[in-house]
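Heads up, the chain below is alone and in the form predicted on its own; it's given as structure tokens.
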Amino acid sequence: MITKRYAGILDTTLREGEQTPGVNFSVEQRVMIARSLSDLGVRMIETGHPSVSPDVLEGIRQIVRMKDQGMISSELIAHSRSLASDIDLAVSTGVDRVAIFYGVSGSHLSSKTHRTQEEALQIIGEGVERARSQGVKVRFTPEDASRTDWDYLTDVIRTAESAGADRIGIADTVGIMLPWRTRAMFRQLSRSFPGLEFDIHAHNDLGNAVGNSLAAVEGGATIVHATVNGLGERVGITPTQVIAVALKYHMSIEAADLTKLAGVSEMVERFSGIKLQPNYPVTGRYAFVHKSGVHVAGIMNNPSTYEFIDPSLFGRERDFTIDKYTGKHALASRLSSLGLKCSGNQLDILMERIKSSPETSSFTDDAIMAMVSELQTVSVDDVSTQSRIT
């Protein structure tokens, strides 16, 4: 029986992530992303599907050479259909593992592959055996597993295991699973197949990818598939930065170096051309920025009142905006951080002016400094009678 020690991350930014509409990484970018992911500490990197194009193939080969030179430590994986030509090309790249997939749900068999269940089992077994006979480890992924009849899914897994696969990737291909069902599914799979390890590949179509991934780990999954910034087909899959923090917070699992998450996120944002929304979890610009006066007062007294985790763990700092929601303590704190001093009356006047400017979404430090400078060039009595600082 395999001893399941901990859950790790398989980052598939270079494969699933590049399937985001409009995203195409250059060979150089692929190599840089792979190096950064290894430095981040992810356990596995899915380097791509070598049959897709010559540049993907070249990128995989360069990444493998980097591992041979000791520059990458993560296990390297090449993606493959259950076709002899795909499998042989994937093996030829020198990766550690080939990940073979095949659609097994009723809709995939009837509308995509046009195979019977029995024919599909034969194709799966032959594909796994072909890869294993060439000396590489194999993960088999039953595509659309979450919509596959349970009895047939277990037949598929049994076939792949008998052919030599040591990992099974359970794909929620259209993102329709719920956490409680995911947990139960992985518990049953882990009990039914104690000699296998299981991955979760959770799409985010209903916004449940992170929840389903955590539930799968609770149920026995040892690898979570993820992409930096949650890239992928349609709305993407589990985001690497979010699941890394969630595993740390909820399960004390060190799946990645949290201090490097922001840097990797920024790199992938730049290379992909997909801008990260500012309120994105963990690495978004607003992830640790507070606005409400009540919230700001709370974090100034005790950050845990409105933060679930210390942002310094990510190499980040908390901040707060200055606008009509700002309280006096927050304003005084911002002035202090800028090296500015105001009397009590001046602070009251400044607070009044800020709250009387609802059209200003946020006052910059330069704007605050200018307002304070003008306050301090006139008498308090004169300023207090003005309706507005100009």
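Residue positions are given as counts along the sequence shown, with the first one as 1. None of these values were measured; they are calculated from a predicted model.
Heads up, the form predicted in complex with a small molecule isn't pictured, but that's what we're talking about next.
Note on the interface: of 275-283, 256-264, 288-296, 171-179, the segment with non-hydrogen atoms within 4.5 angstroms of the small molecule in the model of the complex is 171-179. Using a 4.5 Å cutoff between non-hydrogen atoms, residue 101 counts as a contact of the small molecule in the model of the complex. Remark: residue 19 counts among the residues lining the small molecule in the model of the complex, judged by a heavy atom distance of 4.5 Å or less. The closest heavy atom approach of residue 146 to the small molecule in the model of the complex falls outside 4.5 Å.
For the chain shown alone, residue 139 is a contact residue for the small molecule in the model of the complex, at least one non-hydrogen atom being within 4.5 angstroms.
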